[in-house]
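Encoded as structure tokens, the following chain is the form predicted on its own, with no partner shown.
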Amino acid sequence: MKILFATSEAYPLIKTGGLGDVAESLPRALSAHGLDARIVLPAYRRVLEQLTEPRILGWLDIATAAGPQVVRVLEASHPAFSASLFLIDAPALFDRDGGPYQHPDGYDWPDNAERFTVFSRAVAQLADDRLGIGWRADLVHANDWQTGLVPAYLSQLERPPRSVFTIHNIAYDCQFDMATFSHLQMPHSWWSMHLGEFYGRFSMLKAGLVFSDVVTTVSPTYAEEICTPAYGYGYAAVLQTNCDKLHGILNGIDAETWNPRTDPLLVAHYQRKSPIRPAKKKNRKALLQTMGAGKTAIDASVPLLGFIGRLVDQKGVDLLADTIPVVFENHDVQFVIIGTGHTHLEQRLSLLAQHYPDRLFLHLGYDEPLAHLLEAGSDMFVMPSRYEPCGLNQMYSMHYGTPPIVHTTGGLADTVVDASAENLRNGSATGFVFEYPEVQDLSTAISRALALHADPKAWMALMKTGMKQDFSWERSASEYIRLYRAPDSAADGNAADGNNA
């Protein structure tokens, strides 16, 4: 089965969020199952700089706002990918500094609608083997608004391959007015409330939802949440109308990269059946040393709580900032925070770090080695996201014997089993779950965690239960393959739990 995986980012070439991780891991898992999975992404400048000797496959005639343009298609390989890489090379649109969606100064590229419309047109032609390379896709898997038009353009083909469209975060879309719609020379029929028109504008995300054969999102609970006004960001009604083709499949994690037994970024390795505490203590020391902590803080025998993520309201960072002083007032603990994001939140955390120089250690930015040390060296991981489509760090944390403290939403609700008295007795508990994103609830959850941490035997049992959880892509890939191969996927219900979302 030939699968074309269309994405706007893929780790380690280019990444802004979870989509980049999925684009690297899922095609590899599909290939391991015997599918011919290939990745297509834009030929950003940063991507081309990391590839050696990409091969020219050919040229495609693509309609653009400036008229018909010739777009080059490249093929490349990279050690991180088992799948082949196709690159859509349109220098005027993608050969620029900055991120995949934003200018170096932080604002969105003003021509994003055109950039990803051209990309989607090229993907549809590539899937249809317009290059004549003898490879035609049986199915195209599109991801997020950047490829929302791919299913729409596939629908215009004489023999369209099936299409799957995955929502990684419905809060992000791309909308534009009628003038832009006309400028991009889209079919007039698409400007309809039944297709891509969305409250007087055109939505690339809605086009993906409507035109695709199957819609997936990255956890079963998130599939339910986005069908409600509270989490649907205006798309709840569209999803309710298309609920027969909506499926929630939990993302997996790269269990090779995130493995405390072999992780090259750790100073001490460990596993569930070997001594854990001595190795975690060594990683904790290395983490605090790297963060610039003094000897007193490094030698302190107090619980260490960690957080990694974008410093934005979605991740509950404002809630975390409000809660840290409350926790410090009531408990002798330390915090390590790694992330970057909104300036006002960076400033709040910086002020807190200055106020608590021996208790709160902050790294503004993302640092891969530090992230691995934090997962291994922390005693518990705090993840107070207001909403979280899937989340990966709570799964990394469990693998590293670092029980997570999470808000019950999206993929966090699907992966973390609360350490209630009953769940501790039956051996199913893996972390701590709180219901409302409020200071009282988060601080209470942290207090519960610290109380259990004071019982070494109970805490070790909790750690080991989390470490034996299977969050690999094997299960998730099998669910996707079932959807790919089903002639009418809607009849199967939800791919993750057997119920329609």
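Please read these numbers as outputs of a predicted model, since none were measured by experiment. A residue's number is simply how far along the shown sequence it sits, counting from 1.
One more form of this protein, predicted together with a small molecule, exists but is not displayed; see below.
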**Q.** Non-hydrogen atom contact Trp145 with the small molecule in the predicted bound form at 4.5 angstroms
**A.** no
**Q.** Contact flag, Gly132 vs the small molecule in the predicted bound form, heavy atom cut 4.5 Å
**A.** no
Q) Looking in the predicted bound form, any heavy atom of Glu368 within 4.5 Å of the small molecule? A) yes
Q.
Can you work out whether Tyr396 and the small molecule are in contact in the predicted bound form, taking contact to mean some heavy atom pair no more than 4.5 Å apart?
A. yes
Q. Hey, with the small molecule in the predicted bound form, do Pro151, Lys245 and Leu483 all fall inside the 4.5 Å heavy atom range?
A. no
Q | Stretch in contact, per heavy atom within 4.5 angstroms of the small molecule in the predicted bound form, of 91-99, 75-83, 186-194, 313-321 | A | 313-321
Q: Heavy atom within 4.5 Å of the small molecule in the predicted bound form: which of Pro403, Gly377, Gly309, Gly410 fits that? Just give me the one.
A: Gly309
Q | The single option of Thr180, Asn112, Asn259, Thr340 touching the small molecule in the predicted bound form, heavy atom within 4.5 Å | A | Thr340
